[in-house]
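The chain below stands alone and is given in structure tokens; this is the form predicted alone.
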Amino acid sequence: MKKLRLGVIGCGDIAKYMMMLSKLDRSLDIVGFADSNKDRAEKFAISYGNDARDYYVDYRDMISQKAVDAVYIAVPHFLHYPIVKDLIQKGIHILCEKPIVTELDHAMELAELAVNHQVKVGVNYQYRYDKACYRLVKAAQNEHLGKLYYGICNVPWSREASYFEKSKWHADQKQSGGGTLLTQGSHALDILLWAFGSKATRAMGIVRNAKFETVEVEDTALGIVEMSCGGIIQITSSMAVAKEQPVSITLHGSKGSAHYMGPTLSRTKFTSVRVPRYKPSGSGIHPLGRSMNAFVNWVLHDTPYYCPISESIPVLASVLAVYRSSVSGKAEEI
């Protein structure tokens, strides 16, 4: 069996979960770990690598010393752009945690660069590999719900001060690019944008620091996104909920409705329509693992990956338009 030789850049919490799941994937050969914190990189090499010595403080040393086909990037948002650009130019395929970057012009630049260098760049919006989310999207795309009228998503999560103290870049607007809407809410927004399948044209929004008054980014956001097909998306996202609750995504059409709850024990219920049990590609017991497996298959076998860099741009553009609207007090073009 041909294996993908994968390097890992960033050894934090999300990378830990990804590596735990990826150990079950026989199509992966994880050849090295890079992190600015030497101890973290070494721990990952011991726990998830082939050799406890395969760790690096600088990712450039890793890719120069190891034969690497692709990398998985899980570093603070402000580091995405220079690292992704460098790797594209070196011809190395990439799976990057979202958002791909924090500025729209940088996303457009990288998308064009990836095409020119024939490099595959995926963005890990792993809800696309959640079975219940995927079924909701396919129900919309295959017109089981009829003409789509509007969608509503709500991300009522909870964070404490330690979230910002442990990773100070989370609180910095320039380094993070945004708060709850970009970091948590964009997953649900991405699913509805994918389901509508038309262009987002205009957005309005309000953001607040309801709980964390001293950080630069919002902990609560409400946005409305207008679609070229006439549909409307409403999103609410917050870190300021007393007790964390499930994500909900509801989509209403002329024939019926779909209601998702998750991501733990995720499920989608349909009203007034019967929908086949569409299943996402990629193997694995969790959406993160299926996303990685699908990326591996994309690189090795050219099977489609659900969120190449071009597919991540609409959600970034919509989030940034909501942010602009929260400042201007007016609807902003996307």
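All residue numbers are counted from 1 along the displayed sequence. None of these values were measured; they are calculated from a predicted model.
Below, we refer to the form predicted together with a small molecule, which is not included among the displayed structures.
- Among heavy atoms of N124, some come within 4.5 Å of the small molecule in the predicted complex.
- Though the partner is left out of this view, Q65 does not reach within 4.5 Å of the small molecule in the predicted complex, counting heavy atoms only.
- The small molecule in the predicted complex is approached by N37, whose closest heavy atom lies within 4.5 angstroms of it.
- Not displayed here, the small molecule is approached by H187 to within 4.5 Å at the level of heavy atoms in the predicted complex.
- Checked against the small molecule in the predicted complex, the candidates A132, V75, V217, V207 yield a single residue with a heavy atom inside 4.5 Å, and that residue is V75.
- For the residues H144, K98, H93, R128, the 4.5 Å heavy atom test against the small molecule in the predicted complex is passed only by K98.
- None of 245 to 253, 219 to 227, 167 to 175, 109 to 117 except one has non-hydrogen atoms within 4.5 angstroms of the small molecule in the predicted complex; the exception is 167 to 175.
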